[in-house]
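One chain comes next, on its own, written as structure tokens: the form predicted on its own.
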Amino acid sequence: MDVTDALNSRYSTRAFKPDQVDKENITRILEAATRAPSWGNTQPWEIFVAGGDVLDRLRNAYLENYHKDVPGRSDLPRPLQWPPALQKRMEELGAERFRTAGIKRDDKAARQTIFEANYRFFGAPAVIYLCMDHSLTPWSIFDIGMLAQSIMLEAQQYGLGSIPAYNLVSYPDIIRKELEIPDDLSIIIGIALGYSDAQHPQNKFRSPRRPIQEVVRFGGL
């Protein structure tokens, strides 16, 4: 699979098969992905992978917090608001996802199931957590972002789906305890990894992209 194919075929998997992913394959994915660039080759990332019993305990604790309406408080604060154009795209995404899944706006039970799936980690058999020293700046978060994309594209090579999601890191204290993550590391993002259930309605949807003419401005070319 070449890079263009990987970019075009990747999508955010929101329903995984229960099949386990070999530790060796995850190691190979991470080994390739850590070729991602970073400022001055600082390689600011520290990586923790949860699976098996550890992930089950994380999942159960997340679900308990969700049902108790415990608010999430990630190490990296989530935005309080979005610029109007971005907010509109988010709203359109949500509406189209529900439509593709055949869920009506007033079907509260079905919508609740969709929301709860976030706290079940979409049924993924593994979650990769990307961390960095809490003293670092957003420039290093940029490096973490490049690593995250590299992980997801390399996962395509092994026929694996993935999704980066805020909800995966919304309760950092639980993650820190289970994976013994030191307090001096910020948990930046989680990436759920596994085999996509291609037949699941949530995996039928593909989010659109803005026309390149709307996004790019050339100067001197």
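Note that residue numbering begins at 1 and tracks the sequence as displayed. On a predicted model such as this, the values are computed, not experimentally measured, just so you know.
The discussion below concerns the form predicted together with a small molecule, not included here.
The single option of 153, 175, 29, 189 touching the small molecule in the model of the complex, heavy atom within 4.5 Å = Only one option qualifies, and that one is 189.
Consider the chain as shown here, without its partner, and state which of 166, 158, 66, 48 has a heavy atom within 4.5 Å of the small molecule in the model of the complex.
-> The residue in contact is 166.
Is the gap between residue 111 and the small molecule in the model of the complex 4.5 Å or less for some heavy atom pair?
-> Answer no; every heavy atom of residue 111 is more than 4.5 Å from the small molecule in the model of the complex.
Would you please decide whether residue 207 lies within 4.5 angstroms of the small molecule in the model of the complex, comparing each non-hydrogen atom pair?
-> Answer yes; at least one heavy atom of residue 207 falls within 4.5 Å of the small molecule in the model of the complex.
Residue 120 within 4.5 Å of the small molecule in the model of the complex, heavy atoms = So residue 120 does not count as contacting the small molecule.
Residue 85 near the small molecule in the model of the complex, any heavy atom under 4.5 Å?
-> Heavy-atom contact with the small molecule at 4.5 Å: absent for residue 85.
Out of 103 to 111, 129 to 137, 67 to 75, 90 to 98, where are the residues with a heavy atom within 4.5 Å of the small molecule in the model of the complex?
-> Stretch with heavy atoms near the partner: 90 to 98.
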